[in-house]
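One chain follows as structure tokens, the form predicted alone.
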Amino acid sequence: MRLYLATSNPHKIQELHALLAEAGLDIEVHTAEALGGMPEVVEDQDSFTGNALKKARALAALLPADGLALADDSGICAVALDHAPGVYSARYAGENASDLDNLYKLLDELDSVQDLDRAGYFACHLASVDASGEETVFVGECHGNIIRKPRGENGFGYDPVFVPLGHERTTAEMSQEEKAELSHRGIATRKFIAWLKERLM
């Protein structure tokens, strides 16, 4: 089987590659470049699942017979902001915003929120679509709190302001291995891996 990752985000590719390699699955893992590049997809759905499926379906249209497309849609949700930015996490401060632009927009929006009310969570929805059109979705969430000032140099996106429940460090202060154990993407990917192992048996 050949697995194709429907993302051009190098951070997501790195995290997914590491988790899949650790599982020791007998599959080839490729980026969308192996199929000529990721088709342009407008992420206009109002749910993580909707956007993930839209991306996976677009890449699945290019798959070989033994191929499987895997797409991720993920983001951070602040409870005090009615779960925003949610699906708009990657473009919260505008279409061409940087990770830092988005992070500081979130901090600005939460500025008047008391520390005890700064609960939030990362959500990751992984959608797989095979060459026959069979679709499956795997969901992972990591709950915690959004702090007032960034800390840490690892990770990406909103990692520097997110402290998982039961921890004192942000996910940007953790190693990739530590983060993978508790992250939303790690949880969703392990569900996908368990499903894939059964499929390959």
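Since the structure is predicted, the reported quantities are computational estimates derived from the model, not experimental observations. Residue numbers here begin at 1 and follow the sequence given.
The same protein also exists as the form predicted together with a small molecule; that form is not shown, yet it is the one meant from here on.
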query	finding
Non-hydrogen atom within 4.5 angstroms of the small molecule in the predicted complex for each of 50, 140 and 190	no
Proximity of residue 43 to the small molecule in the predicted complex, heavy atoms at 4.5 Å	yes
4.5 angstroms heavy atom contact with the small molecule in the predicted complex for residue 110	no
is_contact(residue 157, the small molecule) in the predicted complex, heavy atom dist at most 4.5 Å	yes
4.5 Å heavy atom contact, residue 14 and the small molecule in the predicted complex	no
